[in-house]
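Heads up, the chain below is alone and in the form predicted on its own; it's given as structure tokens.
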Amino acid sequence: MKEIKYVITDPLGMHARPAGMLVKAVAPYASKITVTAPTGTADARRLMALMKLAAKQGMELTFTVEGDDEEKAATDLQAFLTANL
């Protein structure tokens, strides 16, 4: 199991566009990817669940990656977060 902590830097937070991009970014991986915020927990493959987190700028999110390809998924997820959120 890999865990990534990330603080949102985007002034708009995780709104529809980056949430949709996140769903697409994690789709190729077999690993289960869960996002935990102070407002709740969501499956990273479910757009509406991510939107319900209402993640704002400055909020710390914890991404848990668990599965056969967790190393690659976690590395790529970290790069995605840095570039998009």
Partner chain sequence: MKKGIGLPVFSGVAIGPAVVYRKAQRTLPVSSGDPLVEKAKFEAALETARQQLTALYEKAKVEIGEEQAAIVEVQLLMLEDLDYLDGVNMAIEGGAAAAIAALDTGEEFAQVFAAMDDEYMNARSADIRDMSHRLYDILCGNTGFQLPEGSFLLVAEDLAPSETIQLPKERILAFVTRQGSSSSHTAILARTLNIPSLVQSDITFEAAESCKILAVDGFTGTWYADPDEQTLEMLKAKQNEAAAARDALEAYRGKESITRSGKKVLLVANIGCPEDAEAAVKADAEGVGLMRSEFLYLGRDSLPTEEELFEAYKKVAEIMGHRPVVIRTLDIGADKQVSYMGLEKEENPALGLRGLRICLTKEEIFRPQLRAIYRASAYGNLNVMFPMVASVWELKAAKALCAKVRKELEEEGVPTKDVPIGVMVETPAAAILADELAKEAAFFSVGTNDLTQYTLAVDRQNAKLGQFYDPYHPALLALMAHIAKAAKDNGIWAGICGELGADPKLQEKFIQMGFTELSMAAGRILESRKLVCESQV
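Quick caveat, the model's predicted, so the values are computed rather than measured. Numbering follows the first chain given and starts at 1.
What comes next is about the form predicted together with its partner chain, which is not displayed.
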{"query": "Three-residue site 35, 40 and 61 fully in contact with its partner chain in the model of the complex at 4.5 Å by heavy atom", "finding": "no"}
{"query": "Any non-hydrogen atom of residue 30 within 4.5 angstroms of its partner chain in the model of the complex", "finding": "no"}
{"query": "Partner proximity in the model of the complex: residue 24 to its partner chain, non-hydrogen atom cutoff 4.5 Å", "finding": "yes"}
{"query": "In the model of the complex, residue 72 touching its partner chain (heavy atom, 4.5 Å)", "finding": "no"}
{"query": "Touches its partner chain in the model of the complex: residue 67 (any heavy atom, 4.5 Å)", "finding": "no"}
{"query": "In the model of the complex, residues of 49-83 near its partner chain [heavy atom within 4.5 Å]", "finding": "49, 51, 52, 54, 56"}
